[in-house]
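First, one chain by itself: the form predicted on its own, in structure tokens.
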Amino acid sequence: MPVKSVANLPVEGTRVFLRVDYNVPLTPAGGVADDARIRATLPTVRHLLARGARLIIASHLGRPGGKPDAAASLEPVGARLAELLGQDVVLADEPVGDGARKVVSDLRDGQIALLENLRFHPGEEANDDGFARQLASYADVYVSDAFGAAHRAHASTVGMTKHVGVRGAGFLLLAEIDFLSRLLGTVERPFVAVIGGAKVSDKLGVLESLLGRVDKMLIGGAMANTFLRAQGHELGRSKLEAEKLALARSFLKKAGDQNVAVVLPSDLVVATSLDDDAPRVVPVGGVGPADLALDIGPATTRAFEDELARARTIFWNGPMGLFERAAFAEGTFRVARAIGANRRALTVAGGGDSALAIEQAGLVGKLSHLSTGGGASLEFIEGNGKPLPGIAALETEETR
């Protein structure tokens, strides 16, 4: 992608607006529950500070609906960032306004200001030009490291960029573009995609995009239920999309026509409720009328592990079951470990629940790349590398 790296931007002694994705989960006590997204931006943050930039960091958090909401304040995020960096982070009490401008104007070289949640203002999600201009007025240089928000055309990801003459990408965003682009180019084979999660409708576009690229597709999670039902299997009370059965049949036929093997579960872990502490393993033809399919079974897991061990390129997005509950987590964690164990393959996981599963399985750092953006990574692949709005906005005349 023709986007400048932060390493090549003139940032010394300038005000740099750094858009990040610090949309992190918070604890009931109001602390940061998972700081992975914050830590992922530290190379860019430290680089800018070391070069004497006056750093203005901005992010959204949650869905406050365009108005201030104390439960969605970035205060705990600022506290955690300060702890990780070992220096003060001054939090503005608003994203724009006199208070924010005062915080920004008081910055000195190597200091950091964190704007309050961008979504406290309705202009952020509306990509309002007035709001975008206010944000742009803070900065001499614009840098994005917010891949998780790059598929959104919001004021801070797209609108403000045309009002800042110097712009580029941080190290995290560049890595995301690099690794996801590799999946769309010439890869070592076999190329295996592992797709899970809840809904076929959420991932049908990426499934069809991958058809022309992969050798095998392993499908688990609740979305596998829809495909199994489309093949005529009874799934009891399992979650599935009855209105998508025709699309599932069409996809399976298309895969067959293109000689892409779609591997569906041969057995399932079922229970009669989410709280059932004694789940059973049944073949796909043995799901009872009161059963819920909540994980792939051990035979399916072994088959997936064998395919992943032979693969030379792997893309994973979505869990194999309800992994948040220990009784239904084994399929997801074993798939995660199989991907992490294949050190000869290019291994890329597409954020969201996959990232959480990898962290819980203790596999951070074991994959070639762990994306920070679930939805953004899917849209990148579905678009066959077409720049997402927040990436296209970084292009300049010099790089076009």
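Don't overthink the numbering: it's just position in the shown sequence, from 1. This one's a predicted model, so the numbers in the text were calculated from it and none came from an experiment.
The same protein also has a form predicted in complex with a small molecule, omitted here; what follows describes it.
*Can we say Pro190, Arg213 and Ile381 each have a non-hydrogen atom within 4.5 Å of the small molecule in the predicted complex?*
No.
*Looking at Arg80, Lys239, Lys244, Arg312, which is the one with a non-hydrogen atom within 4.5 Å of the small molecule in the predicted complex?*
Flagged contact: Lys239.
*Partner-contacting position among His154, Arg119, Lys203, Arg167 - heavy atom within 4.5 Å of the small molecule in the predicted complex*: None of the other options qualify; the answer is Lys203.
*Heavy atoms within 4.5 Å of the small molecule in the predicted complex: which of the stretches 105 to 113, 317 to 325, 179 to 187, 127 to 135 has them?*
In short, 317 to 325.
*asked:* Can you tell me whether Ala198 touches the small molecule? I mean in the predicted complex, with a 4.5 angstroms heavy atom cut-off.
replied: Answer yes; at least one heavy atom of Ala198 falls within 4.5 Å of the small molecule in the predicted complex.
*Does Gly352 reach the small molecule in the predicted complex if we count a contact as any heavy atom within 4.5 Å?*
Yes.
*With the cut-off set at 4.5 Å between non-hydrogen atoms, does Leu294 touch the small molecule in the predicted complex?*
Yes, Leu294 lies within 4.5 Å of the small molecule in the predicted complex.
*asked:* Residue-level contact is defined here as any heavy atom of the residue lying within 4.5 Å of the small molecule in the predicted complex; does Gly221 satisfy this criterion?
replied: Looking in the predicted complex, residue contacts with the small molecule include Gly221, since a heavy atom lies within 4.5 Å.
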